[in-house]
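Only one chain is given next, in structure tokens, and it is the form predicted on its own.
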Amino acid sequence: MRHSLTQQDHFGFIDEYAKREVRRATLKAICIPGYQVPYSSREMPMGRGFGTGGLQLTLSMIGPTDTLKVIDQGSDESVNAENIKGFVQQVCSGVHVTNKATEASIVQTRHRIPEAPMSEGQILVFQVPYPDSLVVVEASESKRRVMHSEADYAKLWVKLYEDIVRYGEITISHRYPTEIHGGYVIDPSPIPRYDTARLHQSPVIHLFGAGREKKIYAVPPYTDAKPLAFEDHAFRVESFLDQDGEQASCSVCGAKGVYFDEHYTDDGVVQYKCSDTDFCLQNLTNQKNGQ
């Protein structure tokens, strides 16, 4: 994985032995798409919920010539994103940070995939609270391991079927179970269904790090990623419609066909705004420049 797998003494807070272990686990995860590789997660100077698993992945790969972008639910300026960027700059001398997804060699994210198309050679690191898709139907980890090894996802299919019987459709809004390369079914982290569909045949390396659960898994570039669905109840992404039933647009930049956050006016009228703050800003800049 480029220079990221070379030794960098006293760089990135984590000791070299720990970095090597994370890198080995990462390479194994890439070689076996969707498989949860155990590793010895280290204590990090971050509170629970700040993505210590994703941070360990980032610190184990990043080099002095890398450029890092960190987002939290699409925002570059949240407390989570700003604290992680500040910490990485402190412990990784020379590393640049950016808000532009197209400029970053590594993007660490919580709950979103950048709206701007990413390209080969880029790495997308997900902060993961729950790495196992089966945890919603089976509490025992030892049993879940057996179920994964036997590709026994019957309980997940039953859960989806029960949703259809009760509500007429599959109601899972995030963490949608997704089959990788025709084998393991992963929890793609709490990204929306809109982003789940974008994992399929993406040119980007997707790495998932769960610090508390001590697991790393991956979706390699150009890999099939198929959300579980039935023939008569196909997987669908979120739809955003205005009051006239037409496709909604961003109230700030006018973008359509992207993932929105909902806002309400004082009159109770819903307005939509791009979840990806950098994408929205770039749209405004392009409009001002007449592009």
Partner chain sequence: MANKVLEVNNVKKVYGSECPDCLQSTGPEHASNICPSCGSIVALGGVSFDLHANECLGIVGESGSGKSTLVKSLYFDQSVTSGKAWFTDQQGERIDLFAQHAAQQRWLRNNRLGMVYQNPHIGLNFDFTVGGNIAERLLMGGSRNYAKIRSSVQSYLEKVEIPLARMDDMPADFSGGMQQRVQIAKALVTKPSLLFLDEVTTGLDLSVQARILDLILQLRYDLDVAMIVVTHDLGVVRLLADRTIVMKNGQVVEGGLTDQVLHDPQHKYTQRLISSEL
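Numbering follows the first chain given and starts at 1. Because the structure is predicted, anything quoted here is derived from the model rather than measured.
One more form of this protein should be noted, the form predicted in complex with its partner chain, which is absent from this view; the next part is about it.
- Across the options 106 to 114, 215 to 223, 92 to 100, 155 to 163, residues that bring heavy atoms within 4.5 Å of its partner chain in the predicted complex belong to 155 to 163.
- Contact check for Val135: no non-hydrogen atom falls within 4.5 Å of its partner chain in the predicted complex.
- Looking at Lys28, you'd find every heavy atom of it more than 4.5 angstroms from its partner chain in the predicted complex.
- Among residues of the shown chain, Glu150 is one whose heavy atoms approach its partner chain to within 4.5 Å in the predicted complex.
- Taking the partner from elsewhere, His263 is found to have every heavy atom lying beyond 4.5 Å of its partner chain in the predicted complex.
- Looking at 204 to 231, the residues that come within 4.5 Å of its partner chain in the predicted complex, counting any heavy atom, are Phe230, Glu231.
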